[in-house]
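Only one chain is shown below, in structure tokens, and it's the form predicted on its own.
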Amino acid sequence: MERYSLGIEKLDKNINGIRGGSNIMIIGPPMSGKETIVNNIVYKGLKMGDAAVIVTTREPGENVVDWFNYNNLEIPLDHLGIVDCVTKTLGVPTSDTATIRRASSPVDLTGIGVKISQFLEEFWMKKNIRKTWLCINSLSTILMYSNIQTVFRFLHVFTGRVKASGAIGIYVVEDGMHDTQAVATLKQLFDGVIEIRQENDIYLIRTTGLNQKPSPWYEYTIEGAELVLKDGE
């Protein structure tokens, strides 16, 4: 089975490689830079020749591509698939492209699932790319529109697909937005967690479940598009 890395040096040193087929929750408070962290992970994977499927529930797919361009991060668009759950809800008349496909809304789990599957099949069967990242940003938005049982069933299918194909799944959750039982239910589907916590004006990050013991907590800052970690606790 392929091994992956997050492209975040201090965390990768503690993890010593992530087994292909792993599903990871990233959970932290609002405004903690989770989106930048996910985009950094995707960027490092794309630069290594991996493919990535990003499900965006908060902004149009074009904005995701623009983020990489704005930050001068050159990416191979033929290795990237974006499932846009926003544009059609705005009533904007736009068509699908090779990189961006539109679901009708974040509640359209069937449509989202079909488009994820299309991209995964294209990367695997047509482009012969054997390492793929599936990133859903964010599960919290989907949970606003659907109940926990429906979301669990949806995720059960795709965490299973990730396991079967040796890909990596990353799923963003807003800490404090959901009751603890809902988060605990979702965690059953994941192999590990990237945890973020805030102490006053300081943000800290660690991984749990991806090695025999949790990594240290690392203080970090977001500088432009870069995630900068300091020494761990």
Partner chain sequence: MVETGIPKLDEYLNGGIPKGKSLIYFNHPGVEGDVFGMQTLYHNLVKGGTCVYVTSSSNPETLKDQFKEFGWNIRQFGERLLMVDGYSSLIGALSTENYVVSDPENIDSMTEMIDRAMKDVPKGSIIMVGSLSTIMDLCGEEKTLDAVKMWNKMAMVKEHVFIYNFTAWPYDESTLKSIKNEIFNCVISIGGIAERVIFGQYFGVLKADWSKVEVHSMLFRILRPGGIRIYIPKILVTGPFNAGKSSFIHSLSTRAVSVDRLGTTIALDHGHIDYKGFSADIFGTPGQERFDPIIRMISGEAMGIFLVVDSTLPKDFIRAKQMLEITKGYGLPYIIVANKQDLPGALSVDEIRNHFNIPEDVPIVSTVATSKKGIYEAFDILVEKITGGN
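What you see is a predicted model, and the numbers here were worked out from it, not measured in a lab. Residue numbers count along the first chain shown, from 1.
Unshown form predicted in complex with its partner chain; subsequent notes refer to it.
**Q** Just to confirm, Asp78 within 4.5 Å of its partner chain in the predicted bound form by heavy atoms?
**A** Contact with its partner chain, no.
**Q** Though only this chain appears here, would Leu109 touch its partner chain in the predicted bound form if you measure heavy atom gaps against 4.5 Å?
**A** Residue-level check for Leu109: yes, a contact with its partner chain.
**Q** Should Val114 be counted as a contact of its partner chain in the predicted bound form, where contact means heavy atoms within 4.5 Å?
**A** Answer yes; at least one heavy atom of Val114 falls within 4.5 Å of its partner chain in the predicted bound form.
**Q** Does Asn147 reach its partner chain in the predicted bound form, with heavy atoms at most 4.5 Å apart?
**A** So Asn147 counts as contacting its partner chain.
**Q** Please tell me whether the candidate spot formed by Leu143, Val183 and Lys187 is one where all three residues come within 4.5 Å of its partner chain in the predicted bound form (heavy atoms).
**A** Judged in the predicted bound form, none of Leu143, Val183 and Lys187 sits within 4.5 Å of its partner chain.
**Q** Can you check 187-195, 38-46, 161-169, 63-71 and let me know which stretch has heavy atoms within 4.5 Å of its partner chain in the predicted bound form?
**A** One stretch meets the cut-off, namely 161-169.
**Q** Does any residue in 110-126 get within 4.5 Å of its partner chain in the predicted bound form, counting heavy atoms only, and if so which ones?
**A** Contacting residues: Thr110, Gly113, Val114, Ser117, Gln118, Leu120, Glu121, Trp124, Met125.
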